[in-house]
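Next comes just one chain, in structure tokens: the form predicted alone.
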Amino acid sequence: MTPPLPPRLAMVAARVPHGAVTADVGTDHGLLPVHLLAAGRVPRAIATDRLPHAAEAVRRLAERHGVADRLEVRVGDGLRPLSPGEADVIVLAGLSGRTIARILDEGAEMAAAARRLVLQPMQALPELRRWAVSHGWTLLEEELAEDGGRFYAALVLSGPPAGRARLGDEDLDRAVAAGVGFPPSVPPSWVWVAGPLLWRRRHPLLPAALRARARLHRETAARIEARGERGAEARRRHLDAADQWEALAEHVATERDGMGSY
């Protein structure tokens, strides 16, 4: 029996090519590699976690689903438990974007030897997108999923990285924003929040994700207002940002209506 996955992990699983030996780094519960093996999507998998008790729980899960002979569970931090080239795909899911970037920096040799990286950050998504592009990784694909009322993104990178981009952050922001047709009326750094490939593709979930971003700004403005007038300027900035995110969401939705389904 194949264990079911929540939407955010199902999105990640779908980014793993059939037949690819896969390493799930920071596997935690081990649900993703066990699912991939039980579904017959991958022939062999490696699951790593820095906590010995988590690794033991993964072994028990693999035994229950009859895939223990094809899942190797290792204890260690980041990419240290791996050898360069032994995994076609490296997955880092359920961690913060900053933690993912640190792991990839520290294990650069292992990361560069993989055919692709599949990343699903829980926080600091814009920072991870910019880090990947500025460090020379190729952003192959972006996907969105809604899970429990929140929106999550998966990034697919390929390497080896060509080295850190020579552009500074602001120049890189402008170059990427212009390259995907991001509106010049908004700050170019916002392209990392929207997602360059999600924007270029006009992803069907993108309008809802952008409206959720607008709601966060309005909620922050409401909290500032409740505290009194000392934050009036900050409140105004959040309300202006909310209006801009709403306008971007409407822009995407209108264009998608005109394009039809695809």
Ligand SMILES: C[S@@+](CC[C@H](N)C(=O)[O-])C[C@H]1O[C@@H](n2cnc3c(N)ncnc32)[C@H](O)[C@@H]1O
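All values derive from a computational prediction rather than experimental measurement. From 1 onward, residues are counted along the sequence shown.
In what follows, reference is made to the form predicted in complex with this ligand, a form of this protein that is not presented.
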task = Would you mind picking out the stretch of 168 to 176, 134 to 142, 147 to 155, 76 to 84 that comes within 4.5 angstroms of this ligand in the predicted complex, counting non-hydrogen atoms?
result = 76 to 84
inquiry  = When the contact criterion is heavy atoms within 4.5 Å, does residue 9 count as touching this ligand in the predicted complex?
reply    = yes
query = residue 29 near this ligand in the predicted complex, any heavy atom under 4.5 Å?
reply = yes
inquiry  = residue 97 versus this ligand, in the predicted complex: is there a non-hydrogen atom within 4.5 Å?
reply    = no
message = Whether residue 50 contacts this ligand in the predicted complex should be assessed with a 4.5 Å heavy atom distance threshold; does it?
response = yes
ask   = Just one of 125, 93, 71, 117 has a heavy atom within 4.5 Å of this ligand in the predicted complex. Which one?
value = 93
